[in-house]
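As structure tokens, one chain now follows by itself in the form predicted alone.
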């Protein structure tokens, strides 16, 4: 059973560790890279060897985060550095995920490692395989949990510009520009990050206002050609085929935030975005109000996540996945059409 983190436990773990690895989930978003690099810069200041690791390439627009070029990624490793770093670490921090299967090709190394494993995550239903950690679904982001970790040690004064920039980027990303899951404490944290050197205007611009023309046209295509609204269920469904991805020369991160667009419609409370992959249909779910897409995904698509943001998958064709979702809507009609 995972044990709670306390300041004495953390100090002892850091004191006896010779090599620390930090890893986030596959297909990393702003919170994944922001939390990893925020903790990386904090621990590096202590003089310990630290290896930041991501299982797959991050979107190019997140490359502004300080020293992101130091991240070890299997796809661009020349000498299997990421595998070696994860295998030899004596302390591993897992951020923004709670199931070891979420690190793709690195999952076996993570599972077999005898290192002490510390989880900092905000998703529901964590797998009970970590030594220590924090599982807080009320947190806005893993980046917020990294801030709390630093605060637990009483070392907020150690937050410099690099740490502040990374953590601000993570929080800003996962809250959708401070639209979701925010409260007074979070704004106070963000205020401190700005005081410590995070340039809010610059970071927001890099994350949300640095699209390429190709990506903007891709988003326009998705909304105009691949979105259908079902007002009787307050639902919007979008889909993207492998042919669509090839047509627009899809790059990692091009669909980031796409699933949120239909929620701007006043009569939509549930959105599903289906993306055709090599061996399955990957599905992102979003909702507003008290409709749980976490429950919807777990019950029907072997997935999960947050109450209002979750993911799942379907083994089969794109059309089959679309029809499955449409066939399920009547079952959830009462929840979907309720006032919110």
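Source: prediction; values computed, not measured. Numbering follows the first chain given and starts at 1.
FYI, the form predicted together with a small molecule isn't displayed, but the following is about it.
Novice: Thinking of 123, 284 and 303 as the candidate spot, does the small molecule come within 4.5 Å of a heavy atom on all of them in the model of the complex?
Specialist: Yes: 123, 284 and 303 each sit within 4.5 Å of the small molecule in the model of the complex.
Novice: Would residue 55 show up as a contact with the small molecule in the model of the complex if we use heavy atoms at 4.5 Å?
Specialist: Residue 55: no contact with the small molecule in the model of the complex.
Novice: Would you please decide whether residue 215 lies within 4.5 angstroms of the small molecule in the model of the complex, comparing each non-hydrogen atom pair?
Specialist: Output for residue 215 is no: heavy atoms all beyond 4.5 Å of the small molecule.
Novice: Although the partner isn't part of this model, could you tell me whether residue 234 comes within 4.5 Å of the small molecule in the model of the complex, counting any heavy atom of the residue?
Specialist: Residue 234 lies outside the contact set for the small molecule.
Novice: Should residue 269 be counted as a contact of the small molecule in the model of the complex, where contact means heavy atoms within 4.5 Å?
Specialist: Contact with the small molecule, no.
Novice: Which of 309, 62, 50, 274 has a heavy atom within 4.5 Å of the small molecule in the model of the complex?
Specialist: Filtering the options by heavy-atom distance leaves 309.
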